[in-house]
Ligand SMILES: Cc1cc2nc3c(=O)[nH]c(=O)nc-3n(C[C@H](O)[C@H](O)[C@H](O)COP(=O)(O)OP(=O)(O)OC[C@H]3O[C@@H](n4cnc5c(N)ncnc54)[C@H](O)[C@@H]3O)c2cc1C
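Below sits a lone chain in structure tokens, taken as the form predicted on its own.
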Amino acid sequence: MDRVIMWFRNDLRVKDNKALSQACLNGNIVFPVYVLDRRLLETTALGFSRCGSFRIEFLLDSLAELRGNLKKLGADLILRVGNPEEVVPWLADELRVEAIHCSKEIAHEELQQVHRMEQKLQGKGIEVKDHWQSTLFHEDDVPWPVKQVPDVFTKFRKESEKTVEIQSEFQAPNKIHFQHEVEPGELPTLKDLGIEPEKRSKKAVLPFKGGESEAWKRLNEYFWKDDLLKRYKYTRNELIGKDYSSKFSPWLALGCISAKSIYFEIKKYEKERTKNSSTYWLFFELLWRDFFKFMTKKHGKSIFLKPGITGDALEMSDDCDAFNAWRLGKTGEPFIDANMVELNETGFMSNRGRQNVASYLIHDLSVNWTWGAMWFENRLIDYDPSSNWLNWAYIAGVGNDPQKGRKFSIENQSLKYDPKGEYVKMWLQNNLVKPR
């Protein structure tokens, strides 16, 4: 019987968690660990923190529920604040483990983290075993080596849909063998982390509470209780309310629910309710998420740089005044400002809104697109490195768009998606937002 650490990263769930299943294999003694990375709390060169209070609050909710779910299985969550590549090896020594199991992450910083961890463990006989589980399609099942994955989504979708079978889910363990050998640690509060709480607007599309049961609650409500999946394709570009889209992205970003679990619920819905273009379209959106994950693995650090994956030199300014007006929803363009106010007051914005505000910053204000991506990283509770940065690069013309960028007519978009001005009125009336 081995002693192993289960290092939770962006997989804060017990159902369909391959890393957890593998850690528990053969009755191993498992020490579940989560390290809240101090670097999330750092201030960027632009003067705001990398991670705003809405994101951290959602993370803390998710960790509290994960701890509760682990306790039901006979374990606990060992919680620390620090640098994971230092804390996890220290715990590995302290707990005398043979291996560290974790999810395989593919963004640059996360890869560097594991590399530094492995260096610290060198010669100690402790192996880091990472497991691919953040996508629908397993990396071993797609029909190309990573360096040959098509850079155009349509080709990726058509070829992979024909050939890739989605692997079955992993069931949650019935029991985890655990020993209390170190203090589990308290779940920190925002105050403990030096973060000033922000009050979420009552106009938010959802209250957005983190955690595995909250993810499934939202799915069951959207699919089964309110039967909304059957019209998803036709409502997904709306702007107001909880029903226009699935809103699964915050829970997907932290792995409170897996993409595979959502896929198999879609299949169940198609069998028990209806199968139509809307049920396919939600699968289609999950494929976009997969595509960006594979692009991140293929292109590495370049997705975070101004020339993007194309290497093109863009004519963009580092205009702080224009950027801050955009960031604070003070551009004077009502449709843009309304979307930014919603983002700042709630930590969420519709997909339609995201495309428009990105286009405006890049193509109307000619401001460095990476600044916009950094502000989204602070604000969005559904922040995911791959989806965020590659969507921004796409609009900027240095990503995966064959048309080399998307410039939207804000006037036309406003007339099409907010013809009566209801959305603008909702968010700009008596607006006193002061985001940090």
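Everything quoted here is computed from the prediction, not taken from an experiment. Numbering starts at 1 and runs along the sequence shown.
Keep in mind the form predicted together with this ligand is missing from the figure; the text below concerns it.
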So, a 4.5 angstroms cut-off on heavy atom distances: do all three of S53, R200 and T346 pass it with respect to this ligand in the predicted bound form? no
Using a 4.5 Å heavy atom cut-off, state whether K260 contacts this ligand in the predicted bound form. no
At 4.5 Å between heavy atoms, is E86 in contact with this ligand in the predicted bound form? no
H299: touches this ligand in the predicted bound form, heavy atom cutoff 4.5 angstroms: no
Consider F248 of the chain shown here, and say whether it contacts this ligand in the predicted bound form, taking contact as heavy atoms within 4.5 Å. yes
Since exactly one of V97, L79, L239, A358 fits, which has a heavy atom within 4.5 Å of this ligand in the predicted bound form? A358
Within 4.5 Å, heavy atoms only, which of Q167, N351, T331, Q113 is in contact with this ligand in the predicted bound form? N351
Heavy atom contact within 4.5 Å of this ligand in the predicted bound form, the stretch among 44-52, 389-397, 58-66, 28-36: 389-397
Residues within stretch 283-312 having a non-hydrogen atom within 4.5 Å of this ligand in the predicted bound form: E285, L286, W288, R289, F292
